[in-house]
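Take a look at this single chain in structure tokens; it is the form predicted alone.
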Amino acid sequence: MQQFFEILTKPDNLPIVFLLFSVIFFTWFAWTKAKKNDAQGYPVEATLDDKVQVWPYLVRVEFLATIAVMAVLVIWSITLDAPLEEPANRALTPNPSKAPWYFLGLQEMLVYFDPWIAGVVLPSLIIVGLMAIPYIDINPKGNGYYTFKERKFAVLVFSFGFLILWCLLIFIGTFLRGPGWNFFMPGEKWDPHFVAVLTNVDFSEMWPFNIATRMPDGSLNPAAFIFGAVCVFGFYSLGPLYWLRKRNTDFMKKLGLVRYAIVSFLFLTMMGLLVKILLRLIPTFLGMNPVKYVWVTPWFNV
């Protein structure tokens, strides 16, 4: 644990630690306010008079906040050394070689997906999904105040996507990925000579399926291709099946087929990210071969 503590207290990792604690605090604050608003039946924010003149009240608060932030930065710069290293050497690559902390979630996803999926497709879907929220959100309640009762689906999906599929991946990439990008638990020592032997297999090759991805001549096995396609399209078929079951409800009629298709596709893609990560990690911890791809095609791999 001593080495893990040293990793946590490195000058370039301390801001990440503080950011993670701030995420925990503000998540707790939001859920607490939401619980209070839902319990009393009306938002506390609606009873507050926010019509305050900018001068001098807001300017005074901003000025005091600026002084406090400057004091913290001055003390920080005096007590902690800047994490500067020697000039880059093309003949010496750092081990591990890590991206800036805000890209470590993407770098961690490269372990589980091809680069074009982890670096292009998934970030693009995140941006598109955030842009689509104002057009697919039909619930006028819960705007401008903390609530869970009125926006259960939205709050749960956002909390899961942000806390689990983003902040947790950043934490893993920062504090649990050591030399060679190997996974080290907090009590394990980061051994630069450690080499993890991973025999990745495709999902069709796992027991009890045991369908070889490649034929003896190296060509793609049609049975494995069909099996992977059935798994992927079967997973995404959950959206249409749910629509057929709930299409006559008032909420579904108000949402509409187009908006529901967008929501279900983005939601299933997000959950597919979790499924792929679990298919890689769970077999590893169980002493089995981790899954590399679910669907192998001549054009792309999923």
Partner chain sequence: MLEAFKKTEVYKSIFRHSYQDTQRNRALQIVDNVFLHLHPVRVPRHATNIGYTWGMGGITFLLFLVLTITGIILMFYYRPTAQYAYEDMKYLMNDVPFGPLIRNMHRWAAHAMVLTVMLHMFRVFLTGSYKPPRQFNWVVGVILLVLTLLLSFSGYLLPWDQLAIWAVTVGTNMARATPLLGHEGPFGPELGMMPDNDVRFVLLGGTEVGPPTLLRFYVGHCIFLPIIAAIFMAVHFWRVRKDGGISGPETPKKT
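In this text, all values refer to a predicted model and were calculated from it rather than measured experimentally. We call the rigid core the largest set of C-alpha positions that still match within 1.5 Å between the two forms. Positions refer to the first chain, counted from 1.
Keep in mind the form predicted in complex with the partner chain is missing from the figure; the text below concerns it.
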Mind telling me which stretch in 213 to 221, 162 to 170, 227 to 235, 184 to 192 gets its heavy atoms within 4.5 Å of the partner chain in the predicted bound form? 162 to 170
Mind checking whether each of 69, 74 and 90 has a heavy atom within 4.5 Å of the partner chain in the predicted bound form? yes
Given that the partner is absent here, does residue 100 sit within 4.5 Å of the partner chain in the predicted bound form, heavy atoms only? yes
Whether residue 180 contacts the partner chain in the predicted bound form should be assessed with a 4.5 Å heavy atom distance threshold; does it? no
Is residue 276 near the partner chain? Define near as a heavy atom within 4.5 Å, in the predicted bound form. no
Going by a heavy atom distance of 4.5 Å, is residue 135 a contact of the partner chain in the predicted bound form? yes
Those residues of 19 to 35 with a non-hydrogen atom no more than 4.5 Å from the partner chain in the predicted bound form are 19, 22, 23, 26, 27, 29, 30, 33
After the core is matched up, is the C-alpha of residue 127 off by 2 Å or more between this form and the one not shown? no
Could you check, with the core superposed, whether the Cα atom of residue 80 shifts 2 Å or more between this form and the one not shown? yes
